[in-house]
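Encoded as structure tokens, the following chain is the form predicted alone, with no partner shown.
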Amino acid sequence: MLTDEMVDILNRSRKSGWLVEPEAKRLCTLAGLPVPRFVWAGDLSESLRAAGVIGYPLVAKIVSPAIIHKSEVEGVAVGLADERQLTVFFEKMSSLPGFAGLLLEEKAAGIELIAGAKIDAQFGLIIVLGIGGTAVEIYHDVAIRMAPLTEKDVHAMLHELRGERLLTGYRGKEAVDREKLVRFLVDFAALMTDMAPFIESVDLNPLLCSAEGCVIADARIMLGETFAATGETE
């Protein structure tokens, strides 16, 4: 069940029709899904203070309700090493449309997966799991199920992936904690079931998974047209 705070986040985003990443990650955090430690900083001085707390190197991303695809405006910087680099990035981003600050977060590592949800006109809420990253649209290595999911469903989805071997310690890399990944997908599907009346789609890409577990490195939540166009939910 969605909490009042989660509903407030959804309502605040109705005008733009989607949740900027800090809001999406805040919602995920409230649902108990793991995200990197992050701060939404509105100006340069706040950004520098937050970076000092999080620690360098760090990840910085533009926050703007006018920019859905951050990579198209070079709005993501990975591995900023010091205040100078952060200042240069901030000044570059601050001139873009709708600029509302930076999302600053600690770097995370792991195998890049994608987890997603979509309201399908025929089947209703469907959950997607696949090999993620920037090449997801090229390889399209995904498995799909109707929500909600059981642990058995998730294990079956993993077996369908051509890239499943990447999760098992391929070429000397540590294997992904499979049980934590399964638990993540079950919990994610449960959250999406609760959010189904309000969303059009959700993309977690990449979802970084390692021997320690999974963490949501990027999150995009698109609101359904009916919800975005009508009054607030209760």
Partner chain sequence: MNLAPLFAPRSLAVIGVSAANDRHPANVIFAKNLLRYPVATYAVNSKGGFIDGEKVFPSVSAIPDTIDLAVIAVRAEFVPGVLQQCMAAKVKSAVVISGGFAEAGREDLQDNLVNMAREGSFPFIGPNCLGIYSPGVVDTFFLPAERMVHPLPGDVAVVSQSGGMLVDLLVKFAGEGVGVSSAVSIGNKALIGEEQLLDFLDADPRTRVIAFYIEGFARNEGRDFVRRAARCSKPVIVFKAGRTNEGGRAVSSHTASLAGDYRVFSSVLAQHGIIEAKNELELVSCCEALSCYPETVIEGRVGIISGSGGHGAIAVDACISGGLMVPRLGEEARQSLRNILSENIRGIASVANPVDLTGSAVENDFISAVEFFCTIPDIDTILLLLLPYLPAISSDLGARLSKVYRRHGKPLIAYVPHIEKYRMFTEGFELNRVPVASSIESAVHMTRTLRRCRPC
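Numbering follows the first chain given and starts at 1. Predicted model only: the values in this text are computed from it and were never measured.
Although not depicted, the form predicted in complex with its partner chain is the subject of the following passage.
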For this session: Could you work out which of V76, A147, L96, A100 is the residue within 4.5 angstroms of its partner chain in the predicted complex, going by heavy atoms?
Result: A147
For this session: May I ask you to state whether K118 is within 4.5 Å of its partner chain in the predicted complex, using heavy atom distances?
Result: yes
Problem set entry | is_contact(R220, its partner chain) in the predicted complex, heavy atom dist at most 4.5 Å | yes
Exercise. Is the gap between T29 and its partner chain in the predicted complex 4.5 Å or less for some heavy atom pair?
Worked result: no
Exercise. Do H140 and its partner chain share at least one heavy atom pair within 4.5 Å in the predicted complex?
Worked result: yes
For this session: Go through 51-59, 201-209, 172-180, 34-42 and give me the stretch that gets within 4.5 Å of its partner chain in the predicted complex, heavy atoms only.
Result: 201-209
